[in-house]
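A lone chain, given as structure tokens: the form predicted alone.
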């Protein structure tokens, strides 16, 4: 379930307002680009923004600032996921690689794919576009090079460097930055139920939707247990293989994100003692003790190992063996 409120009409997030106004102004002046690339870190709601703009283009009676009315036939079809002039391309849920395949793009660019059935816009959403494999991206290029009238292609990407330069160059980029802390906190505080909004925002690196997704009591308990286990290995109080067996039960992507943040905080404390910049301020004292105990050079090497593991996380690598290697490295580097 999306952390953004569901309803008949689209809910515009506060930090999307400037981008929304820019798009609607371009639409009014009939200068809307045929391809838009929404770029920014995960957790800012880029796909939500793209969905709202798509609904706006397909709405029969847009409200002020182009917001979809939520009541017309177009809005009802869109919210029901059956609007014939909206096409969504995304990775298959069952795919371990989470790639967007060439088959999906070839189906999209079929000869009649961009013919509007309602006589208005045809809108395509490719999300996340940075998960297209190379063959899929190459297959999309011809469509981007030869725009179809009244067709708008929306792409979202948290890692735009993974897109082909030729894809990026044929799209108008819309950049999403984390909102000011006071804006994010005002939005979060009205929605969190299980934890302090400021702490969640720190844990999510300033990304409000990612912060809201962390507002889960069971998930926060898992984080606490994982920190005790991992810090125990670093401190020499836990045996790596047994610790890996415990941690392997967790979501691997989230666990590796946590570990990277813990090591990064240790390095911050070693180099500058910058408490205000910690991603995990609730563990400041424990992290400070580890920072005083450990050498920064091995910690940098360990962080590189974590980033390598994150790169392998979606492959066929055995997660428990991967954790074994990582935690054994922790023991070696901390020795």
Partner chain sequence: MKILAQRETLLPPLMQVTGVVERRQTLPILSNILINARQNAITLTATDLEIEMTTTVEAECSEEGAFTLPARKLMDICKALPSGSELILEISNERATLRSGKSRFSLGMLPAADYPAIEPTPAEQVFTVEERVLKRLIQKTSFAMAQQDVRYYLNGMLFEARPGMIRVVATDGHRLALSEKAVDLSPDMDIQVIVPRKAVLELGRLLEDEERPVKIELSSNHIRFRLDSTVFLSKLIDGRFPDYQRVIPAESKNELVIDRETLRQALARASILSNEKYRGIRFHLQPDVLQLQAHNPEKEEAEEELTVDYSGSNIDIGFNVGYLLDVLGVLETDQVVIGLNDANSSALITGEDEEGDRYVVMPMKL
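All figures in this text were calculated on a predicted structure; none of them were measured in a lab. Positions refer to the first chain, counted from 1.
Not pictured, yet referred to below: the form predicted together with its partner chain.
query = Even though its partner chain is not shown here, does it sit in the predicted complex so that 76, 84 and 116 each have a heavy atom within 4.5 Å?
reply = Contact check passed for all of 76, 84 and 116.
inquiry  = If the cut-off is 4.5 angstroms on heavy atoms, which of these, 251, 189, 221, 107, is the one near its partner chain in the predicted complex?
reply    = Checking each option against its partner chain in the predicted complex, the one that comes within 4.5 Å is 107.
Answer option from 71, 213, 148, 164, heavy atom within 4.5 Å of its partner chain in the predicted complex = That would be 148.
ask   = For the chain seen here without its partner, which of 192-200, 84-92, 234-242, 154-162 has a heavy atom within 4.5 Å of its partner chain in the predicted complex?
value = Only one stretch passes the 4.5 Å heavy-atom test: 84-92.
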